[in-house]
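The form predicted alone is given below as one chain in structure tokens.
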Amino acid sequence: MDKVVVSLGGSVIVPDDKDDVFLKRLAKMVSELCDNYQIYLVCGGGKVARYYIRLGRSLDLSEDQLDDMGIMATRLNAKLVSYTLGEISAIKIPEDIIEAQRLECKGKVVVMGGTVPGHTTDAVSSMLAKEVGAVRIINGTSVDAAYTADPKKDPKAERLSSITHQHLYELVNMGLHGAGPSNVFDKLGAQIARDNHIDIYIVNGRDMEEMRSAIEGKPIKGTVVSD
């Protein structure tokens, strides 16, 4: 049975836009696939995490404390997704990738959030994919593909349908200097996927047809990152 890690952004899970409808559709889609694929869902924190981090920074909290609050927000989102999945969800929200691997069970979906300060949920997804031997990572995000620049800021941004791991890594590093698509995937996550030859499918996380196709390894409208 193929193992697939889905990195689901918080901006996809709870953007305050018919979130209940989306979560029900997500649960239905996942339930139809979980007997044929071992699925891990790693949930991001989204605007809930950003709010607490922004507030905490104004209160002069340390970076570790800010990260800790962000992690708690990701686990809150993970709990929401887990509750929505119902009986097909694993028995608990793991707090690290070793625990996540131990919870693996045919017909059950492992749902988790962040792990430790300094690691984004994209990085966690890549670490988890490496640990469990996943065939691919699905990056369900608020954009529909990877671009050469932020398409919301640069009208000349070029949509990329297929790129190498090295190209993605370079684009993410550009983002550190304000140019590339810094939100499309995390730098450490991209590096781990590159070094371990794990394909990444970047898709619109709210497009259930795209998400299904990505989990099944079929052609997508988004971006495929591979060697």
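Numbers follow the displayed sequence, beginning with 1. Just so it is clear, the structure is predicted and the values come from calculations on it, not from any experiment.
Separately, the form predicted in complex with a small molecule exists; it is not shown, and the next lines address it.
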Work out which of the listed stretches, 28-36, 162-170, 191-199, 48-56, brings a heavy atom within 4.5 angstroms of the small molecule in the predicted bound form.
-> 48-56
Check all three, T84, S89 and V111, heavy atom within 4.5 Å of the small molecule in the predicted bound form | no
Contact flag, G133 vs the small molecule in the predicted bound form, heavy atom cut 4.5 Å | no
Could you tell me if C105 has a non-hydrogen atom within 4.5 Å of the small molecule in the predicted bound form?
-> no
So in the predicted bound form, does L76 come within 4.5 Å of the small molecule, heavy atom to heavy atom?
-> no
Is V116 one of the residues lying within 4.5 Å of the small molecule in the predicted bound form, judged by heavy atom distances?
-> yes
Exactly one of A145, I93, I71, A149 has a non-hydrogen atom within 4.5 Å of the small molecule in the predicted bound form; which residue is it?
-> I71
